[in-house]
Structure formats: C-alpha cells, structure tokens
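Presented below, as structure tokens, is a lone chain in the form predicted on its own.
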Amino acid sequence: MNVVQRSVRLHYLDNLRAFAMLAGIFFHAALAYSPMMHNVWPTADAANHWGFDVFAWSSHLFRMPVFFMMAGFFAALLMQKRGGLAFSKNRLLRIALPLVLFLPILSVITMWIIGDALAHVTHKSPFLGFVQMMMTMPEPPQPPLSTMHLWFLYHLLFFYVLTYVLKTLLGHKVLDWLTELKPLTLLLAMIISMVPALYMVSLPFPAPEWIFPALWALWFYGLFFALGYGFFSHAKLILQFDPYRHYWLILGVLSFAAFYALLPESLIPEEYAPGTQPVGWLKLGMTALEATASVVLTLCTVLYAKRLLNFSSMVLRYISRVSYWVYIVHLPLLFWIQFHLLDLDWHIGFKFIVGTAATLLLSCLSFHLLVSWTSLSRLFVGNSSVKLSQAKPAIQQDV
C-alpha cells in the first residue's frame, strides 16, 4: 500500500462545516415566517410567506444529514489518528460533557425566555397562546423531557457505541463490500433502506428531540454517519458520483419540488391533529421522494463543496472555529430576539435579516466572553481545521 508522508488539510470540510452551521441559524429563523409551521413554531409571526417554507424544507432534507456524514468522517479520522481509547476520551470530552452540562442550562433559559415573552409580548404567536391557555389550568401538564436542538449530540453518542460494536464484530467487511457497488446501486440501496424509517414519522421528518432515542432517527441518520465513516478510507464511495453531479442535483431538486407540492398546508404532527398528515400510498410516495431528495442533495452538497469551497478563508476559518459554540447557544438567543420582533410592524424579510444577524453576532460575542479564554475552549474549539494524519492510505488524497 502506498503511504503519503505529508499532511493534507481539507479546507472544503472546514468551510462546509461553517456553511452548514450558518444554514442552521437561517433554517430556525425562517420557521418563524413559515406558513406551514405557523401553528406550532414558538416565534411564529402573524405575517408569513411560502418562500420561507421552500428554503426551510429544502435545506432541512440535507443539512443535518451533512452534519452526520461529516461526523462519521471525523470519527474514522480520530480513530485512525489516536486509537480507540483516545477517541473515546475525546468524544466524552467534546460531545457527552457539553450535552450533560448545557442541556439543563439551555432548558432553564428557554423556559425563562418563553415566560418573558408571555409577560411582555402583545402579539403572541399561536404557540404562546397555547402555553398561556395551559397555564390557566389548575394542574397544567408538565412538558415532556427533551434534548432540544442538542439531539444531534445525543444521537452521536449512540453512533459512536454502535460503530465500536460493528467494527469489532464485522471489521471492514461491510465497507469493502459497499465500495464494490456501482453508484446507482448504492444510491438505490440508500434510498430504499431509508423509506421504512421515514414512513414511521410525520412529513417532513421531525427533529428527534425527545429523551428516548428514536429508532427511525438512529437508522436514517446512521446511514449517513456510516457513509461518512466509509468515505474516510474509501474515497470512491462518494467521489464515484462526481462525474454525474449535475444530474444528481437535478434529480434532488425535482424530488424536493414534487415532495413540497404534496405537503399539507399545516405541518402539525398526526398525534396532535389526526387527519392532517398524508396516509397510505400517498405517504409512501412522498416518503420515497423525501428519501431520494435527502440522499441525493446530501451527496451533491459534499461534491460541490469539494469543488467550490476547497480554499482557505479567514472568515470561514473563524466561523468554523466558533461553529460548535454557536450551535449550542443560537436557538435560545434566536427565540429571545424573534419574540420581541413579534410586536414590531416591520417587513418579515427585514425581521428575518435582523433575527439571523443579531443571533450570529450575540453568539460570537458570547464565544469571546465565555469560551475563547476559558477552560470551555477545550470543549468547543479543539482543532478547528480538518487535517489528515501524515501517514495514511494514498487513496485518501482523492478526498
């Protein structure tokens, strides 16, 4: 086996991580002006526009799959570079500890922000109106236990354990078999295997934020995690799709367009509003479109990032460096800002810009005040650049 004796910095993965984090802020901010989410999103504005739905649900299909795919890649990288024991210690420090420390803090802060909005916001969202009504009950029900937007970290811990178990039992047999599949066969296998998992939940697939791990999410996101893990040592697993990337992109866009056209006007989960979700063959067809768009657009995101984002940028390096902390704190900050925007008679486009810009600014400011100079930097900064080890299989040069 040829061995390369130099390190390779993968700028496009650094930059993709930065853009994916920014997309998360834009996604959550857009839901406040989404017609489909008006009845359920906490900061839903009285005004809305279908354009925010198009942006939100198209990015929803590939944004978190891209994160899980990169997480699988980084897991393989760390295991090769440091070994199993050091990998476990690193993941406990960087994933488990932030989850345990900040989930209670963010839960309390979010509850305070909702209480503050109930007391001071005049034009309340339907969500706030519902909470206010619940509080008038003699014994209001307790909210369910939730991992909030930290569900990503929560599920990663399960994937690390599953990776260790499968690697111990099967070695590299599965990955070696996958690399022999033709692109179309691999694509169809991914899509078909995801349909049963996605069929189990409402459309579009929700955030699996409850404290009990969602089996559908472990399967659905686990396939993307496995794909990223295999990508580290078998570069052609992804790059074999590159020659036809434009066609895959067209397929992804058309699949999403058909899926979006069939979505109901209000995305209230079936358990809360029976009869509002598609059922039967219609749901099966929509689930197939959803799976197709998710897989294809995720692959295209990585392929186009490799071609367009493989450069060093001071701004994107900075965003990548603060991205983990911004992910942790952005949602409560965004809620606080958007709750107070509800009473302002501004155009929703301007509210969207103000909400996202202010959230990013306050998140970055809090990073410098609370993280960059403290011991928290060990949890949230680490090595901000993706750099392959100095001795590795030559195939990884194609990454």
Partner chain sequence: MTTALTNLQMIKRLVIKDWELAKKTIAAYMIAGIFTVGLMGMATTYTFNIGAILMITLLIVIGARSAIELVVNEKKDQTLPFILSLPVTVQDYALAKLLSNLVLYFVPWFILLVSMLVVIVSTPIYNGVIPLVVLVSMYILMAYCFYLGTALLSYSEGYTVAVMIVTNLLLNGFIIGLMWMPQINQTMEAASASWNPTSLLILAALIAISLAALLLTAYLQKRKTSFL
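Residue numbers count along the first chain shown, from 1. Small disclaimer: the values here were computed from a predicted structure and weren't measured.
Keep in mind the form predicted together with the partner chain is missing from the figure; the text below concerns it.
Proximity to the partner chain in the predicted complex, defined as a heavy atom within 4.5 Å, singles out one entry of L184, L85, L145, V108, which is L145. The single contact residue among M133, V315, V165, A119, judged by any heavy atom lying within 4.5 Å of the partner chain in the predicted complex, is V165. Proximity of F212 to the partner chain in the predicted complex: non-hydrogen atoms within 4.5 Å are present.
The closest non-hydrogen atom of I250 lies beyond 4.5 Å of the partner chain in the predicted complex. Under a 4.5 angstroms non-hydrogen atom cutoff, the partner chain in the predicted complex lacks L178 among its neighbouring residues. Taking the partner from the other structure, the partner chain in the predicted complex has a heavy atom within 4.5 Å of a heavy atom of M200. Shown alone, this chain has one stretch from 154-162, 283-291, 302-310, 236-244 that lies within 4.5 Å of the partner chain in the predicted complex by heavy atoms: 154-162.
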